[in-house]
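One chain is shown next in C-alpha cells, namely the form predicted alone.
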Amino acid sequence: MSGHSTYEPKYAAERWLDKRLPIVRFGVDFMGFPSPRNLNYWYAFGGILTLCLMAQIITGIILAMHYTPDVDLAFDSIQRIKRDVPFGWLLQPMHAVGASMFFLAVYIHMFRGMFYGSYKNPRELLWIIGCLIYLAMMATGFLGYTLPWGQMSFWGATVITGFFGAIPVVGESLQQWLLGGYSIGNPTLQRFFSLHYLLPFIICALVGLHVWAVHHVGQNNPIGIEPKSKSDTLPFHPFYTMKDAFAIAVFLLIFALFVFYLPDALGHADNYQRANPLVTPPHIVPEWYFLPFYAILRAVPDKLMGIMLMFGAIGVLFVLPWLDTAKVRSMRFRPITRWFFIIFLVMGFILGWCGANSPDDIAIPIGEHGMSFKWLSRIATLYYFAYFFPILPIMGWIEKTKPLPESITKAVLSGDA
C-alpha cells in the first residue's frame, strides 16, 4: 500500500489485532487510498470485474456440487441443474451469462487502459499482470465451454486441442496430455473440469497482485498527468465507492436482462444438443469473446502459422509498454494515434464478425466474386499486428501532440501545490 498509514487503533482489542494481523489497517488504508480527482466512469470497470469474478466463483462452486464430469452424464446433469436443483434455473444462466459479462467488462477495461496509456511507465508490471489475468480468463472460459458436453463443446474441444498437435517436437505429447489419451473422452472432460475449477483461484491471486500494484504505483487518469499534490486526489471512499456502485447497478440491470429474458442468446444453438462424435456441425465456432482470435487462427492456411499468429496476437499485449514510444500517455493529446486506435477497435469487431462466419462465405459483395470472410479476416489481422509494430512506435516518434493546457499541469488548488 503506497503512502503513510493514517489508521490509529482506539481500543485495546484493535491494538492487539493490529499488532499481530493488521487487517483492519489494510481495509482502512484501502478505502482511503488517494485517487485522482478526474476519474470517469470508464474506471468503474475494475469494481465491475471484481463483482463478476466473485459471482463466477460463487455460482461455479454451487454448480460443481451438482455437475457430473462424465461424457455419458454431463449433458444430463446440466439439464437436471436447470430443472430440478433449487434455484438451478437461476444459477446456471448466471454462470453462463456471467462469463460473457466478465469478458465484456474486461475488454472495456483493457481498451480504456490502452486509450489512456495506463501501461506506460511506471505501470508496466501492472499491465503485464492484467494480461496474465486475461490469459487465465481465456483458458478458464475455453475449459468451461466444454463442460456442458453439447455439440459445440465436443467439437470445439476437438478443434482447439487438435491445434496443439501442430506444435513441433512437443505438440503430439502435449495434445495427448491434454486429452488424457489419443482422443477426446472421459479423461479429457475430467481434466478440463478440474482445471476449470482451479484456474479461478489463480485468477484471484493475480487480481490481488494487480490491486497491490495499483496501490503501489497509483492510478492513471484520463489526462495521463500524475497528481501534483494531495489536493489533486480524493479518498477512494466515499467518492469512488459511490460512483462505482452506480456503475455496478447499471451493469447489473444489463446482466439481469440477459439472465431473465435472454439466457441463451449469447450461446450457440448447437450446444443445446447432446455431443455426438459421429455428427460434425456445419460450422464450428467458439464463444463470442474468442471469435477475433479464432478469425486470426483461420486467416492463414498453414495450421502452425495460424497458431503462432493467434498466440502472437495475445503475446503482443505483454510487450505493449515498450512498443508505444510516445512520451505522452493519454490519446486525448495524440489526435492521429487516436484515429489509428479507433480503426484498431473497428478491426477487432470485424475479426469477431469473420470468426462467427464460414471463411468461404461472401462478406462484402464487391467485384465479380466478392470478398470472402477469409480475405477480410486477413486484412483485419494485418492491421491488428501493424497497429502494434509499425504504427505505435513510429507515431510515438513523429506525432506532434496537442499542447497540455496549463490548468491541468498544476495542482487543483494552486495554494496547496
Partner chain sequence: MSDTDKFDEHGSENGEPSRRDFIYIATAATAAVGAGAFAWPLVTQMSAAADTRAAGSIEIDLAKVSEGQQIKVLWRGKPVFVRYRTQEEIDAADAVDVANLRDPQSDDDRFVPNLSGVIDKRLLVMVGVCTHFGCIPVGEQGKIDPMGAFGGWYCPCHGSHYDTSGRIRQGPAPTNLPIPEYTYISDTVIKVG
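Numbering follows the first chain given and starts at 1. All figures in this text were calculated on a predicted structure; none of them were measured in a lab.
One more form of this protein, predicted together with the partner chain, exists but is not displayed; see below.
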> Among the candidate residues L199, A213, L90, C131, which is the single one with a non-hydrogen atom no more than 4.5 Å from the partner chain in the predicted bound form?
Replying inline: L90
>> To verify the annotation, which of these, K228, R191, R80, K303, has a non-hydrogen atom within 4.5 Å of the partner chain in the predicted bound form?
In response: R80
> Which one of these stretches, 22 to 30, 362 to 370, 58 to 66, 388 to 396, sits within 4.5 Å of the partner chain in the predicted bound form when only heavy atoms are counted?
Replying inline: 58 to 66
> Within a 4.5 Å heavy atom cut-off, is F239 in contact with the partner chain in the predicted bound form?
Replying inline: yes
> Using 4.5 Å between non-hydrogen atoms, is P235 touching the partner chain in the predicted bound form?
Replying inline: yes
>> Taking the partner chain as it sits in the predicted bound form, is D84 near enough to touch it, meaning that at least one heavy atom pair lies within 4.5 angstroms?
In response: yes
> Can M310 be called a contact residue for the partner chain in the predicted bound form at 4.5 Å between heavy atoms?
Replying inline: no
